[in-house]
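The chain that follows stands alone, in the form predicted on its own, written as structure tokens.
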Amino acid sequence: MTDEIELPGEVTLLWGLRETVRRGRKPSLTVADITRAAVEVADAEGLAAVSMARVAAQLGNSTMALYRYVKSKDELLLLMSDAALDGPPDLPDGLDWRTGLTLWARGLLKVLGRHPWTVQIPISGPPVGPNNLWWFDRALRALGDTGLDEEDKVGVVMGLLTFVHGELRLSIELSKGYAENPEAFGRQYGKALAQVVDARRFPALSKVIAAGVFEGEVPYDDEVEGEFGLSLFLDGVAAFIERRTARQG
């Protein structure tokens, strides 16, 4: 039996366990209402536009009314980051771990891609919200038949989560840069590097430039780049599983 503790404030907030001080008539707001309005503002105007005052205006309420439910903008961002996650993909029984994690990663990229502002929210701790934990649990289940111990499963999932967030941020920013100046991603880039890169200082990079890797005019494709990176990551996980299970044998 585990010892009960006083739940941290962010946990009580995200799981709807926080008591709200009520005075007078029945409140016209809920935490869910506030969160939904904040997400709407971020989707339409960007994360920088989100403030307690702006969300209050979206709801047609006073700013002070929001503080009865959400104590600060940091709490609001915490709620938004969990609300942005729809449910994870179903992983049928018997699915191999690699296919499962591939579906999971693609699904997470798709869901977060609908709310690109999520990558701008600082991550200050492990997942605690119900939606975040739902995704966490689904990825752990995908590793169920690998032979890994529970700690290793967590390490693999956290590593994949790091990859997904990094990939999403890069794809958003690079896609925007490519749309503004596609020439900067092709031959122009290669020629510029060839003029400034010294082979004695950058020997490995010089070989890449000399091989003409940056001379092509292939359009930037965030999906292709993401799939390549995901495949490399999962290759590493496969080698890790093999090494771990070999020790157990």
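Superpose the two forms; the largest set of C-alphas matching within 1.5 Å is the rigid core. No experiment lies behind these values; they were computed from the predicted model shown. Counting begins at 1, following the sequence as shown.
The discussion below concerns the form predicted together with a further copy of the same chain, not included here.
Using a 4.5 Å cutoff between non-hydrogen atoms, Leu109 does not count as a contact of a further copy of the same chain in the predicted bound form. In the predicted bound form, no heavy atom of Arg68 sits within 4.5 Å of a further copy of the same chain. Using a 4.5 angstroms threshold between heavy atoms, Lys73 stays clear of a further copy of the same chain in the predicted bound form. Contact check for Gln195: a heavy atom falls within 4.5 Å of a further copy of the same chain in the predicted bound form.
Along 166 to 180, residues Gly166, Glu167, Arg169, Leu170, Glu173, Leu174, Gly177 each place a heavy atom within 4.5 Å of a further copy of the same chain in the predicted bound form. Relative to the superposed core, Asn61 undergoes a Cα shift smaller than 2 Å between the shown form and the other one.
A displacement of less than 2 angstroms separates the C-alpha positions of Ala37 between the shown form and the other one, with the rigid core held in common. Residue displacement note: Val70 has its CA displaced by under 2 Å between the shown form and the other one (rigid core superposed).
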